[in-house]
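Below you'll find only one chain, the form predicted alone, shown as structure tokens.
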């Protein structure tokens, strides 16, 4: 094994929802270690900005405008990714949305939207990646990394976000099954469970003084997480150092779940 355990030179990472927040943290982490990166996101301006930003690390970077809830769009976007890079060594299925509301009043439309993105989108994306990695292994080039972004909300009851929690709980189950099914081809599968992380999706919560006063004292690290807290775990999971680590659920929460 190389003395640089996290050297990702020659590897390609695909990151959905990689133009901001946690996904951008993943992208920065692997790019800093030499990986080439393909980012999927729906916002063209953010996509362009992340290509410029990640390019500063010397990596080859490409962005694709993709709505992961659209099966055909995912298939097309994965084909474009392979056309540009030739391979995908690590796939971070990270795109996600949240809808909140009283459960008895929660609309079927909102439920379906959360599942369309958080669960169906993850399925479409990882199906493409797993198929590619299996085919590559059968041709004599084994290995690969499948990573699904779950949530602390999969483990703890969080009122008014039942759809989100349900979708993220399913992510854990799917990744565990993938870990078993694809191990023979040298492919690992793991879930990352973020805790209370400052992103565009959560900023309104953390700006709420009542919410902040209730939650922040329960985080042993005494701060909200940010995207930089996901650089290291992304580099590790993409690297050869994690080749025997599979089927795990990795909490990145500053100790919140323990306290």
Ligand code: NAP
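As the structure is a computational prediction, the values presented were derived from the model and not from experiment. Residue numbers count along the first chain shown, from 1.
There is another form of the same protein, the form predicted in complex with the ligand; it is not shown, and what comes next is about it.
- With the partner removed from view, the residue among 179, 155, 97, 73 that has a non-hydrogen atom within 4.5 Å of the ligand in the predicted complex turns out to be 97.
- In the predicted complex, the ligand sits beyond 4.5 Å of every heavy atom of residue 128.
- Taking the partner from elsewhere, residue 124 is found to have every heavy atom lying beyond 4.5 Å of the ligand in the predicted complex.
- At a distance threshold of 4.5 angstroms between non-hydrogen atoms, residue 172 is out of contact with the ligand in the predicted complex.
- Among heavy atoms of residue 20, some come within 4.5 Å of the ligand in the predicted complex.
- Residues with any non-hydrogen atom within 4.5 angstroms of the ligand in the predicted complex fall in just one of 193 to 201, 208 to 216, 48 to 56, 30 to 38: 193 to 201.
- Contact residues in stretch 149 to 177 (any heavy atom within 4.5 Å of the ligand, taken in the predicted complex) are 149, 150, 151, 164, 168.
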